[in-house]
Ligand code: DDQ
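Before any questions on binding or motion, here is one chain by itself as structure tokens, the form predicted on its own.
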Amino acid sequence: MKKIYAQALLLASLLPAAVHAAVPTYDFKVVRSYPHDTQAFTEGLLYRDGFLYESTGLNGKSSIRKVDLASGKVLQSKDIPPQYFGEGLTVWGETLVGLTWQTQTGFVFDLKTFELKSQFAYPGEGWGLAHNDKELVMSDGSATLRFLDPKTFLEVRRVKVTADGIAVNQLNELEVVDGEIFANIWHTNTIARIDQNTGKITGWIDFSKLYPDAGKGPNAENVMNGIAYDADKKRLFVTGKLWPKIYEVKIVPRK
């Protein structure tokens, strides 16, 4: 499991009112909540054609899933071989692309059948994965976001993520929302809004009041992680590892 020693340093660096006073903080309103599998160690989440697709982690428990939003029922699943710790997941065309944590291996699955089509390699760790109109966007737990060619999976560029000039690491699950990158910050209840061209954080979204038991489970690993966006209906969904619910939320300015 990912190193916990960085938590205290990370939390200290993310106090929006103190260290990053120039970066605005946003609040949220819950629109609706939906059931979520409490055994799902969520690493990736996305919305496509009326369904959620989710990747789960832990060696021997990693999988990709197609989930009915309203009921939380797992409609389709495929286990990842036990030597791999599943990580971020995104969709590209008619495929699902998934990462693994420390094994430097990515997988490409058929969107409909979940059949494994191919795999690819990358240096370092794999954490979050999303996509814009032309690239895949990958996090590795550092302050760097890598942009990959979706056909070759080779890196084409990268940006360093900063807030007021200070590097922000522990970037985890990712989603592109109306041109911005939303990133979970590992072991916090904060999502960063990131300019994908400059890497500058344009806002913090404070979810500390969303789920009171976040981070209070076994080994404190039931943390917020998982962002999905329905671009057609402008719906934003968030959840966490082993959480009982997925929340549809609306982002609002802090008063």
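So that there is no doubt, residue numbering starts at 1 and follows the sequence shown. Just so we're clear, the structure is a prediction, and the values are computed from it rather than from any experiment.
Only in words, not in the display: the form predicted together with decylamine-N,N-dimethyl-N-oxide (DDQ), which the text now covers.
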**Report entry** Residue (of 219, 198, 208, 39) lying close to decylamine-N,N-dimethyl-N-oxide (DDQ) in the predicted complex, criterion heavy atoms within 4.5 Å
**Finding:** 219
**Report entry** Listed range touching decylamine-N,N-dimethyl-N-oxide (DDQ), judged in the predicted complex by heavy atoms within 4.5 Å, from 82-90, 112-120, 145-153, 177-185
**Finding:** 82-90
Query raised in the report: Would residue 30 count as a contact of decylamine-N,N-dimethyl-N-oxide (DDQ) in the predicted complex, using a 4.5 angstroms cut-off between non-hydrogen atoms?
Result: no
Query raised in the report: At the 4.5 Å heavy atom threshold, is residue 101 in contact with decylamine-N,N-dimethyl-N-oxide (DDQ) in the predicted complex?
Result: yes
Requested in this report: Sequence order please: the residues of 150-184 with a heavy atom within 4.5 Å of decylamine-N,N-dimethyl-N-oxide (DDQ) in the predicted complex.
Outcome: 172
